[in-house]
Ligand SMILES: Cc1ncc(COP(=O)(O)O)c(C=O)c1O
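Okay, so here's just one chain, in structure tokens, the form predicted alone.
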Amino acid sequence: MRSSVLSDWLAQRLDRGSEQPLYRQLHRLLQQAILSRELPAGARMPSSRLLAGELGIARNTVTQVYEQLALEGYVTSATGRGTTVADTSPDEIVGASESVTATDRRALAAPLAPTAMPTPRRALSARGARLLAGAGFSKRQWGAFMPGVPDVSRFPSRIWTRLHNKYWRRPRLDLLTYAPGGGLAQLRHALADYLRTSRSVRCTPEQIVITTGIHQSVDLAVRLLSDPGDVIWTEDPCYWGVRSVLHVSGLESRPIAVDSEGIAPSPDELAAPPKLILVTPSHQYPLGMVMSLARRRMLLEYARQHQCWIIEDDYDSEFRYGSRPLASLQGLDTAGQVIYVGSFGKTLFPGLRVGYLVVPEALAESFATASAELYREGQLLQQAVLAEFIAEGHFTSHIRRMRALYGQRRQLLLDAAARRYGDAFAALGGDAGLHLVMQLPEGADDRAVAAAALERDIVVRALSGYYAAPSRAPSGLLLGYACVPDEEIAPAFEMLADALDATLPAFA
């Protein structure tokens, strides 16, 4: 390509009104011309002075671009020989064999004709496809009636900022590096004290492993306590996020139905013990029932007899309305079969990304080492702030305030639903947590209702999506009330009801 031809080609493509600097534009265009072989290997580039003059730009700009291209291997420069285009053909094709003829080399060096982008030879793995097919992630994470989201606007940010600033005024070097196995000792001690008094969890600080949340906690437990092909029981319905973790774990997940007392395995299911059992005994997610004491004792005895591990997800245990929070399943365990899992996502704010496991004493060192080996955790400064936040009593005070607020909002939602539908409205799980379940008529398409609500800027989740077989699941809607201001609950429910009536006229 002659100098004038190259200059004309570049001039047509440079956008002098763009926010992108001319340097970056020129670099990209020359890179593109070399890779497409518009500028073939061995071609001599115009001098920086000549190209700058033809383009009407500063010579330093062209010089910078040439120097960058040389660093990246697109061109070569030598005193007295100027700048020439380097041979960028793949090494494993050109020059890799003596059988490559001169004709072959000329063909490879020729400019490429425009073609469609090639189709990747490999699509997603079966594991990846399963994960995405069941994905429950929502792009909306705030507003009426998004389930599972606390009111982060009520978080005591001034207290948090004061504690945070305390550590930055005189930074501790040990808080700016990777976390030790298990997490910051200061937080593990504060958390052990809190769990013993509030959740009846029997543990020492050494049994606690700090994670980034429920997903990572379950992932770590599954990796250390099972092998691909092992069986895990999950509640049906269950939290979609945990189900996604299990989809990529290589385990065989067996959904077990729940009744009014929690997970309810049949005699046939009991005859084939699993390796792991994942339950939410304090507040079943998403239906909200509490596992009875008799069922808890049965499950613990079954796990002891058959050497099963129980993973207890203590979901929303702090938020009960009209009764005290229930003691943990782990507190009843005398055989060391329970892995207790919790997080601060609902009690403080989801973006904190701090969770924890409480593991049997015999497994503590193994879990701490594996966590450091797999995840290379950090966030120690955040953990230090959280430890002081708990130790100074701010955590329990915040929970008390939020429990009262959420209880009030729960009642406002129930009142709004009763005004619109009277006795036709039936709610499940409304005495705890951050959401309730609105039952729909049998055969109703809850996903269609959720889609219609979203068109009105109302976010609800279809209950059927939490079941292993959505097509055979009961219909309902999960309505989160925690992050909805009091005055917006009734108007937002009216918009939801309009969507519901338009989609299911028989329900009106």
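The shown structure was predicted, so the numbers you read here are calculated from the model rather than taken from an experiment. So that there is no doubt, residue numbering starts at 1 and follows the sequence shown.
Not pictured, yet referred to below: the form predicted in complex with the ligand.
The closest heavy atom approach of R296 to the ligand in the model of the complex falls outside 4.5 Å. Proximity of H306 to the ligand in the model of the complex: non-hydrogen atoms within 4.5 Å are absent; the residue sits far from the partner. Remark: I214 counts among the residues lining the ligand in the model of the complex, judged by a heavy atom distance of 4.5 Å or less. Although the partner is absent here, R410 lies well away from the ligand in the model of the complex, with no heavy atom inside 4.5 Å. Heavy atoms of no residue among R188, F367 and S371 are located within 4.5 Å of the ligand in the model of the complex. Contact annotation: of the candidates R196, R353, R400, R419, the single residue with a non-hydrogen atom within 4.5 angstroms of the ligand in the model of the complex is R353.
This chain lacks the partner; the member of S343, S317, Q330, T234 within 4.5 angstroms of the ligand in the model of the complex by a non-hydrogen atom is S343.
Just one listed stretch, out of 420-428, 162-170, 280-288, 126-134, contacts the ligand in the model of the complex at the 4.5 Å heavy atom level, and that stretch is 280-288.
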